[in-house]
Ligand SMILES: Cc1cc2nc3c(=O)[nH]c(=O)nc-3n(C[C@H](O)[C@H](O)[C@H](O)COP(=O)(O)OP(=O)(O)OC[C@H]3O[C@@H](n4cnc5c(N)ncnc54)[C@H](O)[C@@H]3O)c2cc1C
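Single chain ahead, by itself, as structure tokens, in the form predicted alone.
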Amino acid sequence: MKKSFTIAGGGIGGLVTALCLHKNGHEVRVYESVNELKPLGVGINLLPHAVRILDYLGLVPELEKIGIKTSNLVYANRLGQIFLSDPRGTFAGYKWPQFSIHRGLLQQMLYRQCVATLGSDKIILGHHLESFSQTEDAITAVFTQNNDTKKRVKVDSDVLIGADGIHSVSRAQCYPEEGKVIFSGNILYRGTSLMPPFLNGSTMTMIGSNQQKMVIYPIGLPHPTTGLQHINWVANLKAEAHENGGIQDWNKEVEKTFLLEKYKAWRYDWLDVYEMINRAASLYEFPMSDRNPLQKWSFGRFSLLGDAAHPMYPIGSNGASQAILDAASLTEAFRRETTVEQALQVYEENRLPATSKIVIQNRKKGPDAILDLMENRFPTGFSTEEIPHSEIDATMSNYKKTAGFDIQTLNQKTASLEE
């Protein structure tokens, strides 16, 4: 069933969807709000189940050029005591690696791939979705050009996919009473620092507790001359009484003096967190928010995808990965079903329950619940013999199953769109 698709949103989910659909013979056009794609944003992780889909698209060599193959995930308490080192990706026996990568560089790479395979005329920048309407035979999206003219452009196709992010216009049209995002009570502060590698140079680490946490991982190989490495980090702090959800904008720059004070004691023999923060050229603030899971994504010839469908807390490294899984599931549904409505319904049935579970799990701290377990049980530190390995392993294993990347299930699959 070959169809014409309009995708509203040129983020990771939208671009991977375009590549998957195009590879399966569909006509695809992507409309993105910004006039120029710049390498903005933060580091992200791509988990093995998502890398499997990118492998299907032939993109693993490109990922290797711009990212790091994550070797393991280390958990430590605020005193710097490590209580878990969990191998990741191929280092854990998966068929596919886990990549730590800069989100902006990933988006730019996907954009270049779309231009090369779909054609530059099929990836249209500077067009913001305004609304959509549909008939029995087609769906019409109305975009506003992001320039002085604000010209309105109508685009007809068989299918419209709303991949327009957490502040989705298309979602708001389907759910006009939903309102604003739901603030978690946590503020994220992120930066990147050029510094010597820590541990083995390919480790991701979680330190502290959900009251005060630091997530740290490299997003580039060490420089061949200086040996310094770009380290991405995100500080997670409970909001002070005067703080609120505010506007979500990863580019809101703030002073770092207060953050240095918060983390002044976090200096370990394997990583100096204080010095890492001090080396950052800039610090950016972001209120951690999500939305409640929906009962329905698909309406006739329209459906939601990625953060527009299931925005979630950045816990467990799942946001971008789940958008990529959406892209694969959507494309596979159109390969199997005979009508647009049937395909979108199958896609929704496959993805909505799965992503809703992750949204709820992440609200319950996801795998990072083990940080609080150790903080609450051993507030002054622990001995090696006291580490509750069975409880920790159970939490990690359950989350991998919920998120769809338990090794036994995933390794039975091939680099395809197979569910």
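Owing to the predicted nature of the structure, the values given are computational and were not obtained by experimental measurement. In case it trips you up, residue 1 is the first one in the sequence shown, and so on.
There is another form of this protein, the form predicted together with the ligand, and it is not shown here; the text below is about that form.
> Counting only heavy atoms and a 4.5 Å cutoff, which of 274-282, 335-343, 201-209, 128-136 contacts the ligand in the model of the complex?
Every other range fails; the passing one is 128-136.
> Is S33 close enough to the ligand in the model of the complex to count, meaning some heavy atom within 4.5 Å?
Because a heavy atom of S33 falls inside 4.5 Å of the ligand in the model of the complex, the answer is yes.
> How about L237 - does it come within 4.5 Å of the ligand in the model of the complex, if we only consider non-hydrogen atoms?
Answer no; every heavy atom of L237 is more than 4.5 Å from the ligand in the model of the complex.
> May I ask you to state whether I44 is within 4.5 Å of the ligand in the model of the complex, using heavy atom distances?
Yes, contact at 4.5 Å.
> Closest heavy atom of L40 to the ligand in the model of the complex, within 4.5 Å or not?
Heavy-atom contact with the ligand at 4.5 Å: present for L40.
> Within 4.5 Å of the ligand in the model of the complex - does that hold for a heavy atom of every one of A50, L325 and A328?
Looking in the model of the complex, the three residues A50, L325 and A328 all stay beyond 4.5 Å of the ligand (heavy atoms).
> Though the ligand is not shown, can you say which of M288, L73, V169, L118 has a heavy atom within 4.5 Å of it in the model of the complex?
The residue in contact is V169.
> Just give me the single entry in R103, K262, H230, K95 that has a non-hydrogen atom within 4.5 angstroms of the ligand in the model of the complex.
If I apply the 4.5 Å criterion carefully, the residue I get is R103.
> Who in 3-22 is close to the ligand in the model of the complex, meaning a heavy atom within 4.5 Å?
Stretch hits, in order: A8, G9, G10, G11, I12, G13, G14.
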